[in-house]
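What follows is one chain in structure tokens, specifically the form predicted on its own.
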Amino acid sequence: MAIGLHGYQYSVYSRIVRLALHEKRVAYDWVEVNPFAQNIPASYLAMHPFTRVPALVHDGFVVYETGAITRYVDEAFEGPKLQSMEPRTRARCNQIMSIVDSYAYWPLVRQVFSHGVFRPRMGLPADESEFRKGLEATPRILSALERTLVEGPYLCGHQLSLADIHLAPIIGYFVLAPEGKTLLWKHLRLRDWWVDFSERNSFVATTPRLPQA
């Protein structure tokens, strides 16, 4: 059973898939692909024509788009189930994943983290206005996520789901900016979820090594 995961070490979406594989206890080979490089290998373009990451290869079957990959990982392999069969719980999980993709990723990662943390650490130019735009957009997003939470230690209740796996890398980058952590700490249930999830073995094992400030 050959499994290859093509991704970028700093990509939150690559990490989401890594988290799913770790939680399912599925071994895989990592293939580093920098989607920002000028010369992306033709072999990767044949798998992912939109030049993004990640892409998963399982015994010759190729799938890209993170949500498609994680659902495939959950359904194709043994291990703890990451999707509920109860319709409302499953819908809530999918809703949170969609909120992450549609509303949270850009301001929390591409604006706050990128311009407030990543670019300065990498010695790249940062845009303070982009950083501030991300911070301004964040309270609405965190409040919406907080309202979706139900009773239990996880986002969708008492069982770990793809929703937790989808959101955690986003928050992990966001709180590296002190301003981001301050905003998260105003949302107590999200804060408590994050404190617990950030200590999971899978999360610690997949944490990328960023340059020090």
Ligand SMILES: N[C@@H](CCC(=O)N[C@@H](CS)C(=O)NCC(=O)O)C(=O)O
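Position 1 is the first residue in the sequence shown; the rest follow in order. In this text the structure is predicted, and so the values were computed from the model without any measurement.
From this point on, the text means the form predicted together with the named molecule, which you will not see here.
In summary, among the residues 52, 187, 58, 181, the only one with a non-hydrogen atom within 4.5 Å of the named molecule in the predicted complex is 52.
Stretch 60-68 is the answer when you ask which of 60-68, 140-148, 22-30, 153-161 has residues with heavy atoms within 4.5 Å of the named molecule in the predicted complex.
Annotated contacts: 113, 169 and 198 are all free of the named molecule in the predicted complex [non-hydrogen atom within 4.5 angstroms]. Among heavy atoms of residue 105, some come within 4.5 Å of the named molecule in the predicted complex. Although the partner is absent here, residue 13 lies within 4.5 Å of the named molecule in the predicted complex, judged by heavy atoms.
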